[in-house]
Structures are given as structure tokens and as C-alpha cells.
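What follows is one chain in C-alpha cells, specifically the form predicted alone.
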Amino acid sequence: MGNVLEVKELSKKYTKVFAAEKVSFEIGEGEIFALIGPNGAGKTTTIRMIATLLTPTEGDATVAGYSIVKNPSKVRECITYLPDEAGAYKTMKGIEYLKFMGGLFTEDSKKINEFVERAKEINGLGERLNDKIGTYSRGMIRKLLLSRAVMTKPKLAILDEPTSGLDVLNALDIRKTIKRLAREENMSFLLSSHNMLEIEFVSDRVGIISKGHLMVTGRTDELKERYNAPNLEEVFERVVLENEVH
């Protein structure tokens, strides 16, 4: 199994301060990798560099073999990025929104219909897709947005706080959808979340970033054993506090 994403000493410097410095990790085909860290640790900066929204100061990353520095347009064809603050057009009906977004990727009406049918299957909103998005709950909007993000079958889906602000049932539904897409369609995911329960449930491997440095990566069970911790929250705390000391 090859790597969909390879991050190689990726750095971003603002004036004299590195927001992210020499970050390196990889994500295999069908793997769910979670990047976690305190606020201001460099998570979002790293994610936005990989998503080609920020230009690295140093280093590089490749998605499906394409460099984010040399071939950003090719990278964009292979990825989808769903930020925490993403929204949808409230005056549009759900189905109209999906057709509109599909049309941004292709002019082929048959292909657009394939995208929309795929999105409908993923979001499970049924008849509510005929209602305006402004009438949707936050959970419904998030399901719509996730289905839009993955309807084109990207090589890598980058999701920032995918279940932020959702109730338990909606959050669980989205986590199950992510796991199913990885398992059944070999789609790779890069997640960022503050919810450690979510990370334990959904991710195959975890990377903990602090003060711009990726401190440790590994499976959740490996990290709990290494740090003699009963859960990921305590692993997180120990890794971050160790970095504070140093």
C-alpha cells in the first residue's frame, strides 16, 4: 500500500516566528490520520499548507505524487478541504447546492448527476434536500458539506473539526461515514479535532503537534502504552507538557 500524502520537513515562518517547523509525516491509502494539538500549535497552518492555501517557507509535501510547491493545481485535483467554519448557501435548496458544487468540477451533466447521487447516498438527507439550507440544523448542514466534499472521490479528504458543535448522534453518524469511506473506498483522511474521544474512535494514527513541532506519531494504543496513559487525553497532556518544559 502506497502513501497518498508525504509531508517532508514542512515549515511556515511569519516574520521571525515559525508557526510550523520541519513537520514530517505520511498518510497511506485508506488511512485516517489525526493531527492534534493545543490552539496555536501549528495544526491549521500545516493543514492549510497541505491544502495549498498557504505557501511553505521551507520543505514540501506530495499528494498522490504531486508537489504542493511545484504542482499546486494538480494537488487541488486530488484533495478536498472542509474547514471548520465552512458554510453553504442558505437560500439554496440542498439538491441545488450539490448540483451547483458538482458543476464546479465538470461541465459533463452525467458526471454531475453521478456526484449528486453519491452525495445523496452519503448524507442520507432524503426529501429534506428539497428544502432550503436555511431551514437545516447544524448537523444536517455538516452532513451536506461532508457529502459535497467527498462526492468527487478525492484521494485525500482534509477535514478540520468535522463534528464541531454537533450533538452526539450527528457526530457519531459523521464519524461512521468517515470510517466507512476509508474502509470501503480506500479514501485517505487528514483530520484535525479537539475531541479526543472522536480521535480515538475514528483515526488509525495520531500526530501530536506543539509549538510548531510534530512531537510524536503512532496508533492510539501504541501511544497510550508508551506514555503509560489510560486514554488519549492524558497522552496529549503529557506530550504537550513535556514540550513546555523543553
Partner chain sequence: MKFINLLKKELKELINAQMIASLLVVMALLVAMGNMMSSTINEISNTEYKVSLSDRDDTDFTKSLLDQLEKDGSVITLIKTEGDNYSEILKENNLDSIIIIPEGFTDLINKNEKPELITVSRMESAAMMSNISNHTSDVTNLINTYIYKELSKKAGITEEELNYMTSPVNIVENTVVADKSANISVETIMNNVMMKNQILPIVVFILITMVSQTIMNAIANEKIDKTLETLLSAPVSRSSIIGAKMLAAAIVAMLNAAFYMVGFSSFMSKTTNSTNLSSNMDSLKEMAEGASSVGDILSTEAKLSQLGLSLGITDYLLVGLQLFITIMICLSVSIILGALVNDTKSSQTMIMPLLMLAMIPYMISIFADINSLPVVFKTLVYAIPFTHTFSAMSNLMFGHYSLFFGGIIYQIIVLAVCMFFALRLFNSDKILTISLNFGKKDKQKTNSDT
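Just so it is clear, the structure is predicted and the values come from calculations on it, not from any experiment. Residue numbers count along the first chain shown, from 1.
There is another form of this protein, the form predicted in complex with the partner chain, and it is not shown here; the text below is about that form.
Student: Even though the partner isn't displayed, in the predicted bound form is residue 81 close enough to the partner chain, meaning a heavy atom within 4.5 Å?
Tutor: Because a heavy atom of residue 81 falls inside 4.5 Å of the partner chain in the predicted bound form, the answer is yes.
Student: Would residue 48 sit within 4.5 Å of the partner chain in the predicted bound form, counting heavy atoms only?
Tutor: Residue 48: yes, in contact with the partner chain in the predicted bound form.
Student: Consider residue 175 of the chain shown here, and say whether it contacts the partner chain in the predicted bound form, taking contact as heavy atoms within 4.5 Å.
Tutor: The answer is no: residue 175 has no heavy atom within 4.5 Å of the partner chain.
Student: Does any heavy atom of residue 77 come within 4.5 Å of a heavy atom of the partner chain in the predicted bound form?
Tutor: Result yes; residue 77 sits at the interface with the partner chain in the predicted bound form.
Student: Find the only residue in 53, 196, 182, 64 having a heavy atom within 4.5 Å of the partner chain in the predicted bound form.
Tutor: Comparing distances to the partner chain in the predicted bound form, the residue within 4.5 Å is 53.
Student: Can all three of 137, 150 and 227 be found with a heavy atom no more than 4.5 Å from the partner chain in the predicted bound form?
Tutor: None of them does, since no heavy atom lies within 4.5 Å of the partner.
Student: Under the 4.5 Å heavy atom criterion, name the residues of 2 to 19 that approach the partner chain in the predicted bound form, in sequence order.
Tutor: Stretch hits, in order: 12, 14, 15.
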